[in-house]
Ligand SMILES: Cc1cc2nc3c(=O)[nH]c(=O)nc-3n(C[C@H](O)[C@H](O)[C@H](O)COP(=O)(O)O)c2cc1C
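In the block that follows, a single chain appears as C-alpha cells, in the form predicted on its own.
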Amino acid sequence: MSKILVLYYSSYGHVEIMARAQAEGAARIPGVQVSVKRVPELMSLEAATAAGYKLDQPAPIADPEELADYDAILFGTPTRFGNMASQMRNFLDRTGPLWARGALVGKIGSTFCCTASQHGGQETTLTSFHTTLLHHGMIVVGLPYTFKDLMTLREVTGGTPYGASSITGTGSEARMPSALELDMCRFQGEHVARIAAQFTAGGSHA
C-alpha cells in the first residue's frame, strides 16, 4: 500500500478546497492511503481573524518529521508575490533534519497553488517550489497534458503543466475554485497516486 499526503496552507479556503479535490483524485487508485494535513499558521489569532482568514479548517497540523512516512506528497499553497506563502516556506525550512539523512530521496513530490489574477505568478510559484523538492531528492511530478482541459479557452481558468492552479479573483469578482479547476486537482491527485502505487509495487525508494 502506498501512502499519499496532501499538505497545504490556505488563508481563505481556496487551497483547502483544492487539497480535498487532490485527495479525492488520489483515493481513486486502489491500495492507496490518503491523508490531508496543513501547515501551521504564523499569524496571531487576532491578526488572522482581523484579516478574515478561514480558521475552521478540520485538517490536522502536520509535523515536518512525518513527511518521511509517505511515498508521495502533494503540496498546496497560495501565491505571495510569485512565491509560496511564508507559512509553507517556514514549514519546509524546518525539514533540514530530513534533508540531512536523505529521508525524502526518491519520494514523489507535486505542487498546486492559487493566485488572485490570471498572471499572478502561478508558474513561478510552482517551479520555484520544485527547487526545494529537488534539493530533497524527490521525483517531481506535474500535471500532464493528458488532462485535455489544460488547453481550454472556453473559460478563464487556472491550470499549468507544473501543477493544478486556480484563480480567486478579487472584490466583486472573487470566487472559489471552479468545477474545472477542481477537476484538474482530482486528475493530478490521481496521476501522482498512480505513479506512487507503481513505485511501491516495484520496490523500495532509492
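Every value quoted in this text rests on a predicted model; they were computed, and no experiment measured them. Heads up: residue numbers just count along the shown sequence, starting at 1.
Not on display, but discussed next: the form predicted in complex with the ligand.
- Interface membership of R94, defined by any non-hydrogen atom within 4.5 Å of the ligand in the predicted bound form, is ruled out.
- Looking at T157, you'd find every heavy atom of it more than 4.5 angstroms from the ligand in the predicted bound form.
- In the predicted bound form, T115 approaches the ligand with a heavy atom inside 4.5 Å.
- For R80, a non-hydrogen atom is located within 4.5 Å of the ligand in the predicted bound form, even though that partner is not displayed.
- This chain is displayed without the ligand, yet in the predicted bound form the stretch 71 to 79 from 71 to 79, 131 to 139, 101 to 109, 86 to 94 comes within 4.5 Å of it by heavy atoms.
- Residues of 135 to 174 placing a heavy atom within 4.5 Å of the ligand in the predicted bound form: T168 alone.
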